[in-house]
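Only one chain is shown below, in structure tokens, and it's the form predicted on its own.
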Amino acid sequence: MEKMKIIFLGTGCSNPTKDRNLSSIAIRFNGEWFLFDCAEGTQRQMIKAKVSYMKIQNIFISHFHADHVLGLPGLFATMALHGRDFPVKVFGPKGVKDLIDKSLNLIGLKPNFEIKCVEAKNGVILKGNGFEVSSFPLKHEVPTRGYVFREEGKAGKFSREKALKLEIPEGPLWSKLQKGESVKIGKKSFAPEQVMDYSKGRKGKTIAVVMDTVVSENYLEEISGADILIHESSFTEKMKSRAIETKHSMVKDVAKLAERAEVGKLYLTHISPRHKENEKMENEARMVFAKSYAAKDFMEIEL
């Protein structure tokens, strides 16, 4: 199976700088790209990062502030220009359809492909081939959603030889055993343990994406155990008053949350233009959670 890949298309907030475009993240899984937020300039970042906008079928919007959505009309226009003829889904808070309809109407775009708008509610919002995406609420100035991308794990390796030796016919019964269900043939019952090697199982990888929010235990359970936590970290401790005023996160608070959630690694993003040096942000986070990293535009992570 292809490795999962994360690319930071932008890591800034409020306004772009020469080093940071506004925040957006692409995840690649099984040949498909998933886009999280679409700031102004995102499609150009995608071109530079070799992220195919024609392979994007699902877009996840955290909220409707300008620095998270202004890239959508341009992206759709480019898709239309290149002859896209299959649907794209856009997930987001309540009102996502109204946002898309108004933005397309404003620029006079009538794409020849369907844009399906889905209100992201709590729990699993999308299931696909070997993955699922769930959503949960965040606390910001406007309705905001967080997302978790989960790869489907592998329970273990099915032994064809053992199944045939036990005279279990190939077909639906094999599938049930692989799913952990016992099966019955005549008067004989067979348990999954008889044909499965659980030592060869594998836990699926998990990526949590948390954009603009006040750090809160309300979503601790959703992000717990994630291999990668990508969390907005707009301000350092020195900018505490500004963080409270704008309902954004501070680096140290994010690191504390990452430690409590027992995540594998923490990546700080959505960084204020006021903070020029990654090292200072990383050091502040690492005082609490050692595996903390300040994300940079075009940084790539493979899982």
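Note that residue numbering follows the sequence shown and begins at 1. Every value quoted in this text rests on a predicted model; they were computed, and no experiment measured them.
Same protein, other form: the form predicted in complex with a further copy of the same chain, not shown, and the subject of what follows.
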query: Position in contact with a further copy of the same chain when the complex is considered in the model of the complex, options 187, 82, 179, 110, heavy atoms within 4.5 Å; finding: 82
query: Contact residue in the model of the complex, chosen from 102, 202, 121, 116 - any heavy atom within 4.5 Å of a further copy of the same chain; finding: 102
query: Contact flag, residue 238 vs a further copy of the same chain in the model of the complex, heavy atom cut 4.5 Å; finding: no
query: Contact flag, residue 271 vs a further copy of the same chain in the model of the complex, heavy atom cut 4.5 Å; finding: no
query: Partner contact for residue 283 in the model of the complex: a further copy of the same chain, 4.5 angstroms, heavy atom; finding: no
query: a further copy of the same chain contact at residue 292 in the model of the complex, heavy atom, 4.5 Å; finding: no
query: In the model of the complex, segment of 67 to 75, 144 to 152, 208 to 216, 228 to 236 with a heavy atom within 4.5 Å of a further copy of the same chain; finding: 67 to 75
query: 19, 41 and 48 each touching a further copy of the same chain in the model of the complex (heavy atom, 4.5 Å); finding: yes
query: Partner contacts for 270 to 303, taking a further copy of the same chain in the model of the complex and a 4.5 Å heavy atom cut-off; finding: 297
